[in-house]
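Form predicted on its own, single chain, as structure tokens, below.
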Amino acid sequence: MTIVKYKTNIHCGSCIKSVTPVLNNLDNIDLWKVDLEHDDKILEVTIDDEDKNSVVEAVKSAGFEIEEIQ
């Protein structure tokens, strides 16, 4: 498993509601959470492979900005 962090513009409960179905539908995600209190609205994802791009594409498809934090 790999934990990957992303900077996003997911900033409220409605945003969480919008992104939940797309993230829950990804087969390679074990856990995910968004820190709404952090200035960068950090999305932390535990993935079971190296396909970080699937997370980026899923979040973008829901209409949000996302950038991996190195």
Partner chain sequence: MKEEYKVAGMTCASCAISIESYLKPQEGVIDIAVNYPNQSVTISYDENIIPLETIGNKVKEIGFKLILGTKEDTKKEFEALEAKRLATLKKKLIFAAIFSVPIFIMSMFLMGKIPYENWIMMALALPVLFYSGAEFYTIAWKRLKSFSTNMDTLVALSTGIAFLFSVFNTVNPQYFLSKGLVPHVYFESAVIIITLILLGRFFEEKAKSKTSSAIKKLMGLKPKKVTAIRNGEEKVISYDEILKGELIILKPGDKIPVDGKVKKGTSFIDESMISGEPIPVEKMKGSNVFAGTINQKGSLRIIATKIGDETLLSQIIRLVEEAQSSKPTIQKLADKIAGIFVPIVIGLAVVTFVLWYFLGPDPSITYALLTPITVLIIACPCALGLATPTALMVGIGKGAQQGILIKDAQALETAYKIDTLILDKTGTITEGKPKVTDLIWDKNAVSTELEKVVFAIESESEHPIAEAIVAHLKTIDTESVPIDSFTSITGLGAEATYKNELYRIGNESLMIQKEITIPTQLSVKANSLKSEAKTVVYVAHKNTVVGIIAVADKVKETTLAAIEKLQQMGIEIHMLTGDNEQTAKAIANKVGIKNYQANVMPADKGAFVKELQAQGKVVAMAGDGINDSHALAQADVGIAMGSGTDIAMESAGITLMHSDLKQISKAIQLSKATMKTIKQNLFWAFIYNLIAIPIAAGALYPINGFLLNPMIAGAAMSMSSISVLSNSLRLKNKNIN
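Quick caveat, the model's predicted, so the values are computed rather than measured. Residue numbers count along the first chain shown, from 1.
Only in words, not in the display: the form predicted together with its partner chain, which the text now covers.
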{"property": "Heavy atom of residue 30 within 4.5 Å of its partner chain in the model of the complex", "result": "yes"}
{"property": "Contact test in the model of the complex: residue 9 vs its partner chain, heavy atoms, 4.5 Å", "result": "no"}
{"property": "Contact label in the model of the complex: residue 54 to its partner chain, heavy atom within 4.5 Å", "result": "no"}
{"property": "4.5 Å heavy atom contact, residue 24 and its partner chain in the model of the complex", "result": "yes"}
{"property": "Every residue of 16, 20 and 34 near its partner chain in the model of the complex, heavy atom within 4.5 Å", "result": "yes"}
